[in-house]
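In what follows, one protein chain appears twice in different forms, each by itself as structure tokens: structure 1 and structure 2.
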Structure 1
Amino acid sequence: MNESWRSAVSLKVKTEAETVAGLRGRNSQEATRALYRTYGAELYGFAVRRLGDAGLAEELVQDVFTRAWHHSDRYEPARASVRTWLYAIARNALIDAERRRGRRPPVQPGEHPGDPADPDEPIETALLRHQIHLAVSRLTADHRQVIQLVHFRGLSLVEVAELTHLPVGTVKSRLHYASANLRLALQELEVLP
């Protein structure tokens, strides 16, 4: 890790920790907005995948940020990143939401914005899957395609080249950069060290 990257990371951590500290300060609206704009979409995506219901997912995201506001004084930057902290809150909020849903009528078919997750799957596994989806979604379409063809369809580089009408060298290079970018995205999301 070079020095400039290291300092950029520490600056980011410091800034996010300050944002959390600011949740209960004079600029709480700005702090909440900053936190929401960084993590709101991915938390919503996780909630939708897990709950299979957009309305419940919205409630959950609102609950997460309200809990974050209430417990912001408990956040310790040295122990966890803001993302880890928020997902820990989301995990607890999700458990409560699933308990509540157990008392509600089931969601009607057709209301799901995506395929609902297996409700018996551990939340941690669902969370990991969601983060991998997030990382993959950050790749370009070309990079997603080469991973799809090589990993999920089991094609060789030569077969991918024939299928896509690209030189083998281009496919080789594309897989190389797709792997590197996927790894980088997974590191940014703290899935990989």
Structure 2
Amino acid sequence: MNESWRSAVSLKVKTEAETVAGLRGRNSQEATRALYRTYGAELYGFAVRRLGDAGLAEELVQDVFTRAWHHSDRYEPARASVRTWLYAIARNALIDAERRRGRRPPVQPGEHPGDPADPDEPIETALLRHQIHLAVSRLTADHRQVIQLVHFRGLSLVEVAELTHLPVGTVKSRLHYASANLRLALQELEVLP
């Protein structure tokens, strides 16, 4: 099982590296579309959270893929995955966007899902927060609930059992499987090795 997962990841990395190499070839539009389909929504979500403006976030994502296309010859698969490379480009594009627009008020709570942006939060911290949010969102509703109650709200297993009207053993089991699945999701997002 673990070996097949590694093989699948290795194949994905090879395919993505070939896609980036395709940005320089005749099928550059197709390669750009493939990268956008894979990472566009994820980058957009990060940009919206950071910038607090959907329009600016759309422009930023477009800028990221334009930069990736122009600088695809600089991508080195041995140094970083495609996701890491695109997020590095996004980080630089965000810095440029924040410099251009100055400091605008952050998004008001409730305007979009997730935590409101803190304009003083370092981009690296905002990126990590976004990736953790993405990883948690990949969990089932039951697993997401127990992770949020135990790890984000700090409730004990007994408190979670009382709140959810479940046996403590069930809560403990869900937390175990939720933690394992969260670890896998964080590995897929390259937050954990």
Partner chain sequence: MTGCDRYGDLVAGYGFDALEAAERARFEAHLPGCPRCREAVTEVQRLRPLLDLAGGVEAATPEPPAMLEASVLAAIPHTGTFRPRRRNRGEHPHATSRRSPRRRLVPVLAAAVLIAILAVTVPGPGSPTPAGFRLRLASSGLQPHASAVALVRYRPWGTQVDLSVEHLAPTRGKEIYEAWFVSPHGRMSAGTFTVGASGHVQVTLAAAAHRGGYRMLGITLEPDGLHPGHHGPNVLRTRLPT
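As the structure is a prediction and not an experimental result, all values here were calculated from the model. In this text, rigid core is short for the largest set of C-alphas that superpose within 1.5 Å between two forms. Residue numbering: structure 1 sequence, from 1.
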Practice prompt. Specify the structure that is the form predicted on its own; exactly one of the two qualifies.
Written response: 2
Discussion item. Taking the rigid core as the reference frame, tell me whether Ser179 has a CA displacement of 2 angstroms or more between structures 1 and 2.
Written reply: no
Worksheet item: Superposing on the core, what C-alpha displacement does Leu166 show between structures 1 and 2, in angstrom?
Response: 2.9
